[in-house]
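Okay, here we've got a single chain as structure tokens, the form predicted alone, with questions on binding and movement later.
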């Protein structure tokens, strides 16, 4: 089992969700987050005053999946979330040792 965490631009969320559903991936957790990478934020103008925005709004997706599904998920994320501009995001793939569904007590793949 693997846990895939992807940080993407917020306006790409719905396209990614639809594409993952079409690929047979139906469960994920979405969190609104802020951060920066190489782009280091940007400056904005508000009521005539310029100010620095250090942390940019992003969306974090977390997907628990079978190891065999990882390549399909990565293909979707890489193709759909890609804009070609700085700040497209990152994808992290980690081993997932155990999963338990609280309601039923099912474990591991049955819980996903």
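Numbering follows the first chain given and starts at 1. Since this is a predicted model, take the numbers as computed values, not measurements.
Form predicted together with another copy of the chain: not shown, discussed below.
- At the 4.5 Å threshold, heavy atoms of residue 23 stay clear of another copy of the chain in the model of the complex, well away from it.
- Although the partner is absent here, residue 68 lies well away from another copy of the chain in the model of the complex, with no heavy atom inside 4.5 Å.
- Within 4.5 Å of some heavy atom of another copy of the chain in the model of the complex lies at least one heavy atom of residue 81.
- For the chain shown alone, residue 60 is a contact residue for another copy of the chain in the model of the complex, at least one non-hydrogen atom being within 4.5 angstroms.
- Of all the residues from 12-29, those having a non-hydrogen atom no more than 4.5 Å from another copy of the chain in the model of the complex are 14, 17, 26, 27, 28, 29.
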